[in-house]
Each structure stands twice: as C-alpha cells, then as structure tokens.
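Provided below as structure tokens are two forms of one protein chain, presented individually as structure 1 and structure 2.
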Structure 1
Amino acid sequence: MAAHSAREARRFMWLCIGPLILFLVLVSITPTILAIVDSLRELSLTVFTKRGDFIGLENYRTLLREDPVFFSSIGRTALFVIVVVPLEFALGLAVALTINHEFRGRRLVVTALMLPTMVAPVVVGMMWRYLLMPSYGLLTYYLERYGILPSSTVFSDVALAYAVLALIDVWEWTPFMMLIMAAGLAAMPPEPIEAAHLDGAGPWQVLRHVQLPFLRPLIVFACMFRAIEASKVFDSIFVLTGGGPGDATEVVALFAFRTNFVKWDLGYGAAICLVLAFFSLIVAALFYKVVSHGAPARA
C-alpha cells in the first residue's frame, strides 16, 4: 500500500509539473534552438541575396573579428555595469542598515522605497524623459534656473548623458538591492552581533566582521543578478537617448535591436544575441564559483 501510494504521489506530481515543463521548453529552449540555427545562416529581410543559405560560423567570425561597433557596444555595456552595480549595492546596503529596526511607519517607508523598482522600465524612461525635457522639463527648468545645467538638453553631451542614464538605473534598482540586504539582515541571528558588542566592537567592526560575512551569499547573488540584468539594459536607454548622442550610449542590447529590427539582418543579429547570452553565462559561472568557494561553512 505504501509503495502504491508513493507511485500515485509521483504520478500526481508529474501531472502537475508536466505542463509547466512543457511550457518552459516551448518558451525558452525552442527559441534558443531557432536562434542557433538562424545564426548559422545568411538571412536578411532587406538584402535579397541573403535568403537563408547555410554559412556555418561566418556570422560569428565577422562579429568577433571584423565588427568594431560590436566591441564598442560591449565596452559601453561593461562600463555601465561596472558603474551602476557597485553603486546600487552600496546604497542598497546603506538603506537596509538604516531601516533594520522597528519604527513607526516602517512598512510605509519600505513600500515607498520599493516604488521605483515596481515601475516598468519603459515607464521609467518616459517619466525621466518628461522630467529632463529641454526647456520644459520640471528638473531641467530648475537645473537651468540655478545654473547647475547649461541651457541645453542633458542628453546632448556624451559624458552627461551617460552619467544621467547610470543615475536613473541606480534610482530604479537600488530598492532591489535594499530589499535583498534587508531580508538578510532580518534573518541574521542576534547572538553574534550581541557578542561583538560585548567585546567592544563598534558599528563598523560589526558590519565588516559579522554582518558582511553572513550576507556574503546574498551579496553575490544580488550582484550577479544585477550585473546580468544591467548588461541587458535596453528600455530606458532606447526611450531616453536611442543610443545617442551619435552612438555614445549604444549598449550591446540596443546594437542587437538595431541589427535585427532596423537593418533586419536576422542571421547576424541572432549571432549577436547568442554571444551576449554566452557572456552572461560566463559572468554567472564566475559569480557561482565565488559564492560556492566563499560561503561560510555550516555546522
């Protein structure tokens, strides 16, 4: 009877998760296979000579050896990730430490802090585009009035445009880091902190020697997730600058979009997307290696 019940339970489990697995196969594995096939073809909807003939790894060879625009977009993407992820982590940890105690209105404060992350990235881009609109934007008006910004759009200067895009991303995703760090701090046992205080440790020593080691797996996960997501940033940059001025803010996701849906070079665009996915897997593997070897041992 016990064996029969176990078989029935397993059968019911597979009956429940089978449709989900099939759905995941259809929406993830199948498009990936189709992208791999397209990346091995010379396929374009605008060049009539490129009708889908098999060319092997030619798209990858051209991309990795002969396309300076691709490497420029990779460099801009890497710089963007290097700038925004540490800032988001530092600010998120600081806010989490600040709210890591009970006070009146704490739930309301946390909810308000989470609002930027709850907004869709396209809406974030449109909102900031309105605020920074030349001459008529609310922020632009006051920045020009007090002499902080010259009377021109913030997106006409290369360095300023890049800095504004980074600050908008930090504003949007710092609450995500804050939420993860706050959850880790709430789950932390109080005994090590109390022992550190009894030994005369100050707030900085407690943070460095007690809290940060405990949070290490969460920190690695959060930074890995944000690094992968930031490397795929598209919506806000597309809405705010479109890659401009010139191509100064054209990240790799925007470069892939233009190749696929402006030039309609689908074979080459598929190769770009797969190379980007490969780089993301490398980043994820490196982070996983760090957390698996650096996590504190459990009793």
Structure 2
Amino acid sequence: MAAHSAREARRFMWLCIGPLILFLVLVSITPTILAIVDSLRELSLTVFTKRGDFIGLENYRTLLREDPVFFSSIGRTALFVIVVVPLEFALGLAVALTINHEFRGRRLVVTALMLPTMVAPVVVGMMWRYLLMPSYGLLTYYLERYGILPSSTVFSDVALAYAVLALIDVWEWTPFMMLIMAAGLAAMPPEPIEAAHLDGAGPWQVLRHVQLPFLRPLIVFACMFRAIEASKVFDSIFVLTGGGPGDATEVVALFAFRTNFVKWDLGYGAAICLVLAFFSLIVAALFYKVVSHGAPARA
C-alpha cells in the first residue's frame, strides 16, 4: 500500500476527472456565457434593424410579461405531460403484471414489446403519419368506414390532433414503463406475496397492499423521469403536425425551436432557452434529490 502515496492518487484522480471538466468548459460553459450575452441584445438574422444592440433585460421582460405564446405553449406542454404520464404508467404496470411470470421466450417477447420505445422518434412520427393519412391511411380508412371517426382528416381538428399526439406518445413510451415495472416486480421477494395468498388475498389486494408499496420508489422515479422527458417532446410533433393546426399543438420545445431557427430571432430566442434551462435546472435538482436519497437503486 505504501507504493501509492496520497499525492500520486490525487494526481491520478485529476487525470481522470480533468478531461470531463475541460470538455464541459469547452462545449457547455463557454457557449452558455455567449448565450447569456446574446440574450441581452436585439439580434435577428432576418430583421434588418435588429443588428445586435444591447438592450439590457428587455428580451426577458417581453418574454415573461408580454408573450402570450410562450405561456400558452407551456400550458400545452403541461397538459400533455399530465395526460400522458399517468396513462403510460397505468398501462405499463398492467402489461408488466401480464408478463410477470416465467414462460418460454419471455426475454424475446419483452424485447419485441420494446420496439416502439427503441425506434427513432422521427420514424415513429412518420409511421403514424402514414397510418393516419387522410382517406388512404390504414387506420383512418377503417376508422372512417366503421363510423368511429366522422372524417378522415385527423390533424385538422384541434382537440382530435392533440388527443392523437398524446395517444402516439402513450404507444411509444408505455413499453418503457412496462420494462421498469417488470424489473421491479421480478426483483420482489416471493415470500410476502405467498403469505398474502395464504391469508386469502386476491390479486387486487396483493397488488394494492404488497406489490405497489414495494414498487413505490421505482414508480416515483419512473413517473418523474417520464414527466421530464415528455415535457421536452419535440420529434414526433415536429413530424406529425409541426405545431398545427394553427398553433394548437405547439409545445414549448417547438416554440423555442421556431423562434430561433425559423424566425431567426436569436437574441430573444436565447432568452427563451436560458429561461427554459433555468426551469429545467430546478426540476433536475428535484430529480437528483429523489434519485440519490431513497434511490430505486436495485430494482
């Protein structure tokens, strides 16, 4: 043990952690400082008069006080999360309970069920756009023919477009919930369930009083994780509706994207991005707390 002194250990530790710090400074901290500077300017690539004059906190004031689109996009995102996450959790748990026993080819079945989550969200979006194409889509054709849908143009109705986007997200991410819940159920010691059965408990009572309490930390983790991911939803909406009809499905990620990279209003866009990053820092802190104390550790 004497061969490696404390000084040598310290030097090696910095060798390990140094590249990470250097990397973060180069690709994250420096760009963020630049973005802060730009968020204080009136800078646009398309409007001739906005050439980069410093205007103090004006961008932030406009965003937080005067921009109705920003707040409605946050509202739409929040609604999306509130609808989608409980559905994904409930369905994911139900599926996990269905496959919660040994059978031949179980791992293959689970992997096959994971397809919606593993395929690129862009592909998922295009796939559903094809299935829901007016008149000719596989789904729209049969839904219209059997009178379930009044017309076959799904994405022209505000409420319907929103519901369909939510359902597609549920299709895409329920397998993820299933996977985590199945891992949790498989890690459960069998004795408490057997004891409950001996006491005459039915499957519902076992679920409510034995399995759910055991899964609690994992459920908190999984729902929080999904809520964070769902609040960033972009790919599938970008591909399916582009935010339309009108701006009915313009979630906050799409709003920030359009301000920066469609309108090229970079100063204002930088302010949006920094406000979002600030919010997400708070959420991440909450998440980190949950994970590091009473972590789901070993499912």
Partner chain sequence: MARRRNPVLWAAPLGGLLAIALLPYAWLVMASFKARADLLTQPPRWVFQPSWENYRQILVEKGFDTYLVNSLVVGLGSTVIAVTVGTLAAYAFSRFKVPAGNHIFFYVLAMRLGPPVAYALPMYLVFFKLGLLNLQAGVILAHATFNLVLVIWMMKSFFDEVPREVEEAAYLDGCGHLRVFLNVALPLSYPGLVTVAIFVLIFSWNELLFALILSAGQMRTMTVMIPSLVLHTGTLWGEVAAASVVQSIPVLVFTFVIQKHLVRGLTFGAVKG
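Take the two forms, superpose them, and find the largest set of C-alpha atoms that agree within 1.5 Å; that set is the rigid core. Numbers follow structure 1, counted from its first residue as 1. Source: prediction; values computed, not measured.
Comparing the two isolated chains, structure 1 is the one taken from the form predicted on its own; structure 2 is not. After superposition on the rigid core, the Cα atom of D247 is displaced by less than 2 Å between structures 1 and 2. With the core held fixed, the Cα of E58 is displaced between structures 1 and 2 by 2 Å or more.
Residue displacement note: V262 has its CA displaced by under 2 Å between structures 1 and 2 (rigid core superposed). Look at C16: with the core superposed, its C-alpha moves 5.5 Å between structures 1 and 2.
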